[in-house]
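So this first bit is one chain, no partners, the form predicted on its own, shown in structure tokens.
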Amino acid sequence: MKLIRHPQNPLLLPDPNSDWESVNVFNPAVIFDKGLFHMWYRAQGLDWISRIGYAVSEDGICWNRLRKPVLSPCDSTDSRGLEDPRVVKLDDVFYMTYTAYGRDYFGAEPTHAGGGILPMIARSTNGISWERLGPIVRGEDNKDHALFPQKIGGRYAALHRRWPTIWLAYSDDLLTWHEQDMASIFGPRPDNSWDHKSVGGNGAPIATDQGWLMFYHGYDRQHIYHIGVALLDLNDPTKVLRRPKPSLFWPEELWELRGDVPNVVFSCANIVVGDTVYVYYGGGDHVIGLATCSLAELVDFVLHAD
């Protein structure tokens, strides 16, 4: 099985007339709410600082975007930028997880130590004005976090990444995240596969009768990104029920193979509308594309692939 690229790709390009999104637009969060597709995307302008923009669409293909970002750096915790949003809606409130790059980050490779890369959470009632709540963890470099779209056992649940492994965390209020409520889910495979160097979560997991469908990304020693999928237990997502060895998607188009960062297809959004899974992704850390598949076909793949 393989995700199918939309023929109108790439869907969103940098705006050369903008001061904040003239260089790159990529790695968007997308949800479908009240008949519309809503997108929050990472953008970079001439100062190379990442900000979060907003766009809306009737069909998920053609987008109208605001002229100003909806989230910009505000203090030393995010002075280098706000990156890679994921959005869910719980009880009529939008919750965004995003990565804050602060002034304390100096390394070229992700590590568990540090603290300049923070997994932040914000909330909004309209999707435009956002209130920052704080990070899931402090004192370490951590990212690739996403909230589950519903509570598990009466608590909020979130994926996050302690490189190179994907973790699960629980919270009663989204403000306090205790270490004893965190556990590792899975890490890179030990063999020479597409995800043997690093893995991280993509968009919010999808609830099905068989379990949580969790899209994730990984790369090998050549740093070529792929997108794969795993199936987690509905009541205890630390239990991996299935993790097929084949990936679903990898760079093939010129704008994925090259770009600001080559060989990258990176997704923060995998939503279901009808029986179609929409996977929005950044290509080459430069533009935004869309790939789709049937939900039924995806479930069958997860259950039966090697």
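Source: prediction; values computed, not measured. Residue numbers run from 1 along the displayed sequence.
The protein also exists as the form predicted in complex with a small molecule; that form is not presented, and the subsequent description refers to it.
- Contact here is defined as any heavy atom lying within 4.5 Å of the small molecule in the predicted bound form, and by that definition each of Glu83, Tyr225 and Phe266 is a contact residue.
- In short, of 256 to 264, 31 to 39, 240 to 248, 64 to 72 it is 256 to 264 that has heavy atoms within 4.5 Å of the small molecule in the predicted bound form.
- When the small molecule is considered in the predicted bound form, His160 lies well away from it, no heavy atom lying within 4.5 Å.
- The closest non-hydrogen atom of Asp285 lies within 4.5 Å of the small molecule in the predicted bound form.
- A residue is said to contact a partner when one of its heavy atoms sits within 4.5 Å of a partner heavy atom; Asn270 fails this definition for the small molecule in the predicted bound form, lying far away.
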